[in-house]
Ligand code: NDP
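A single chain comes next, written as structure tokens; it is the form predicted on its own.
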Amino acid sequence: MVFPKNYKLYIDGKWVDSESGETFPSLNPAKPREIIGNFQLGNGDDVNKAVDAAERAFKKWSEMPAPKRGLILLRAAQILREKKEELARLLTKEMGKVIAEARGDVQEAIDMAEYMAGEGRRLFGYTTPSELRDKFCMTVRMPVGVFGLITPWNFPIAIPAWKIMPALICGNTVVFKPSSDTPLCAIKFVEILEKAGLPKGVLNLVTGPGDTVGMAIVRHEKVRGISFTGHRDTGRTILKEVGLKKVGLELGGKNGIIVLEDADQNLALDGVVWGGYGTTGQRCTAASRVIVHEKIKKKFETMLVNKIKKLKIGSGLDLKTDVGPLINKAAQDKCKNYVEIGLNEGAKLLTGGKIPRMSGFFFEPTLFTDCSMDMRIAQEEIFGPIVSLIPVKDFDEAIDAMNSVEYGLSSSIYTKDMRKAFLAIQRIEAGITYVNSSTIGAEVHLPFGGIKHTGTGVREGGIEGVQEFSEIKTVYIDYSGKLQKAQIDTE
């Protein structure tokens, strides 16, 4: 018998056991009887040690020239590239997404490492004229300090990279808590940064529950910044507990695709299936609502049902699989409950809606039609392969339907009318709008984030990612040799 390996925490450059003396398992969602490994059940004492290590490392790391910090990130990118296939297969095994998407997950981390390595030679501030003579004005970027990073399971390598890489290039040190559903991906990612030459204490990893490890990081007085991606309710709790810190929260979405009567329906069909059922619907940018013009509704839903029924469910390691498992039993039960909610609300189930008779946390790709915009299945984030089709009379009603939810992350419109496309860009309440493309596909050099209940309005990626993990300092240099008074000395 082969026993699962016990993995450790990473604190102050060493792999150590938790103070709790306890572990928890991570399971393969496609084969739940298969234990990926056992992981340390971290606690508050572990967090204290990790924060202390990060605090000790901060001065030396923040004083290292940013281009030299960038070289370490660039080495990490090179190692990630060398290990891409190995990491992708591990990711599929631990999280469940199909292997092509797992490769994309790792590629995002590579792209972000390379991009942020380049930011080491920018980290731009700006200069501006003074209102007074012989006075120079500029801004410079400063690190925040110790940053607590809490990440979800659905992109277990990409999202940590979206947070860790900009945090490091800005000169911060990090305490990192990954999801307990995908701790091994996090450990392998940290190992790569360690191998790339990251000094001890700069990055620390503590695995364990959100209500203990996560909240200990949030509440810690020496932690100066928090970046969290996850459930909206957790985000609300963080805001209540965090105190006076720099805080970035990304809390999900209920994204929609508008398909107007003049749309290329075959193109829209591909976008809806990719947006609704890619990653088994487990993306914050997943397209769980399809807002379709009533003139083409019948034809489009027939096309959609035919396409959905051809999707193959199974292990993500099988190259023929289109839809992998959900992350765990709770997610599977949640999808089942929402199917019942949709039926009770009067929505018409066109296909799917069941747990298939197979081992693993699978759920059939599901499509409801004749949904109204106020139904719970059209309002609440399900995070599974369940799509609601909402018929509308015209463009204005389509925009109203799109904006009817509390979230505002991603959105899409399919139309050949560029006037309507640009009006949609203006009127849709979302941080991201795609035209004639699906709701998913963020690129690392562009801002990512949303409005309304999607979060606190921060953006990750690109220069906005640098802004999230740095502070702006304004600098005045007076070389006049005398006291000058702004707003008072007007001549």
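In this text, residue numbers run from 1 along the sequence as written. All values reported here derive from a predicted model rather than from experimental measurement.
This protein has a second form, the form predicted together with this ligand, left out of what is shown; the following refers to that one.
With respect to this ligand in the model of the complex, the three residues Asn154, Asp211 and Glu381 uniformly fall within 4.5 angstroms at the level of their nearest heavy atom. When this ligand is considered in the model of the complex, only one residue from Gly252, Gly120, Gly353, Pro391 comes within 4.5 Å through any heavy atom, namely Gly252. Interface residue among Val273, Leu198, Ile377, Ile238, judged by heavy atoms within 4.5 Å of this ligand in the model of the complex: Ile238.
Stretch 173 to 181 is the answer when you ask which of 112 to 120, 318 to 326, 173 to 181, 95 to 103 has residues with heavy atoms within 4.5 Å of this ligand in the model of the complex. Proximity of Phe368 to this ligand in the model of the complex falls outside the 4.5 Å heavy atom cutoff. Taking non-hydrogen atoms only, Pro143 never approaches this ligand to within 4.5 angstroms in the model of the complex.
In the model of the complex, this ligand lies within 4.5 Å of some heavy atom of Ile150. None of the heavy atoms of Tyr434 is located within 4.5 Å of this ligand in the model of the complex.
Contact annotation for 214 to 229: residues with any non-hydrogen atom within 4.5 angstroms of this ligand in the model of the complex are Gly214, Met215, Val218, Phe228, Thr229, listed in sequence order.
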